[in-house]
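A single chain comes next, written as structure tokens; it is the form predicted alone.
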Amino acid sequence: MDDFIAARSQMALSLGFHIIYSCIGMVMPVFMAISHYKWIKTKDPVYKNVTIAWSKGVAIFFATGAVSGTMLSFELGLLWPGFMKHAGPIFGMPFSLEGTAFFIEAIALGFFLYGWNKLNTWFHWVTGIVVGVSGIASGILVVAANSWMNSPSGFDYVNGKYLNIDPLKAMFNEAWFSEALHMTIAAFSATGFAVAGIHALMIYRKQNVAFHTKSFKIAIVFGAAAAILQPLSGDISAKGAAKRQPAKLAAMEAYFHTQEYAPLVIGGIPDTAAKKVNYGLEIPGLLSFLVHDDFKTVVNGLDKIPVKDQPPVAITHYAFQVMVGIGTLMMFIGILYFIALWKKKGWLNKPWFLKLFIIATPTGFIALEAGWTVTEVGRQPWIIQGVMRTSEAVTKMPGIQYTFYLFTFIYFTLSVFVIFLLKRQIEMVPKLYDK
């Protein structure tokens, strides 16, 4: 395997696994804090049992997220020394702050796990809130660093040198808010649907129904609400991409020719040689409207981008279609849930309704992975948009394919370990958490 491809593959694999661990680690503490609050207010022991059970899951994902995140930090330096040499002093602040948030989260989680019957009830609850807030802050700070790669600022690039560095301006670049908003909502949507799907399966099997029903409701309220809000944050992100990364937008839409009344293409197979999309459904003017709020305005296509600066069109387009398609499906399921909650309560225990959420369990994370593929592949060939190419940043050390094989083995082993622990936690519900 070519060392450059091996380095990119290793980074893609690492990020692909870590994003799942980190998103669950961001959101599960919030669910935990909600169930804890309900126990404090109602004294219903089921909520306490749910809180204790979920706290074990939080601990599992905190540990795995710490391992995968540490590996990623080493990979940045080992695989991309050219990038870190110049970028480290510029966007190092969010990584430093993320480390601080991580340690606060670790301390608060320790208080929460071992504070039962030892700490004041409300102080104990607050430690859980701190775990949740710190987790979300960590995610936002890491996304701020990534957004800088898409929208570099906070420095002057003169004759190959990075001068007049302003870390705050780099951190709060033009893309950070839209990316952080989109990512945070995506984390709640994906985790909410995944957790709700597991509890729906247990309800469908009629196992510890009261326990799993309360768990399902907390998770799906957040998941469904996030899924409904997600298209709004996606619209903000797409408008930002059109402004700052027109090549990425054109690749997302497989949009080859600059024109008025730019069409939106749904589905299709891009043919980059013929510069067209086969079998796609074109809606005239809709891309112009989505980008500029006007059906007639010109949208720049790939024909305005030099070939050497164009991202891989097919991968970016397919990933974008998967993300939007699944996101739309989740939005409709979320709307259906709130209709059931408001008007059709009889649906809530129907087998077909539970099966809907069981089937939807992995959908959020599939969309999440597709979205990150769009973000990263759509920025290529740049590692810092318009400033440094990915090929210029990669290490010159040979044999990268062997570390890729090693890291692949580690991540798959770690994931098997996590699945085993979670399966055991679910099996222990009737024995430990809902006697």
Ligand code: HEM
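All residue numbers are counted from 1 along the displayed sequence. Nothing here was measured: the structure is a model prediction, and the numbers come from that model.
Unshown form predicted together with the ligand; subsequent notes refer to it.
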{"query": "Triple contact flag 203, 220 and 333 to the ligand in the predicted bound form, non-hydrogen atom at 4.5 angstroms", "finding": "no"}
{"query": "is_contact(residue 93, the ligand) in the predicted bound form, heavy atom dist at most 4.5 Å", "finding": "no"}
{"query": "4.5 angstroms heavy atom contact with the ligand in the predicted bound form for residue 349", "finding": "no"}
{"query": "Contact of residue 382 with the ligand in the predicted bound form (heavy atom, 4.5 Å)", "finding": "yes"}
{"query": "Partner contact for residue 12 in the predicted bound form: the ligand, 4.5 angstroms, heavy atom", "finding": "yes"}
{"query": "31, 62, 47, 404 - the one with a heavy atom within 4.5 Å of the ligand in the predicted bound form", "finding": "62"}
{"query": "Partner-contacting position among 277, 299, 171, 183 - heavy atom within 4.5 Å of the ligand in the predicted bound form", "finding": "183"}
{"query": "Listed range touching the ligand, judged in the predicted bound form by heavy atoms within 4.5 Å, from 259-267, 335-343, 131-139, 353-361", "finding": "131-139"}
{"query": "Residues within stretch 84-107 having a non-hydrogen atom within 4.5 Å of the ligand in the predicted bound form", "finding": "91, 95, 98, 102, 105"}
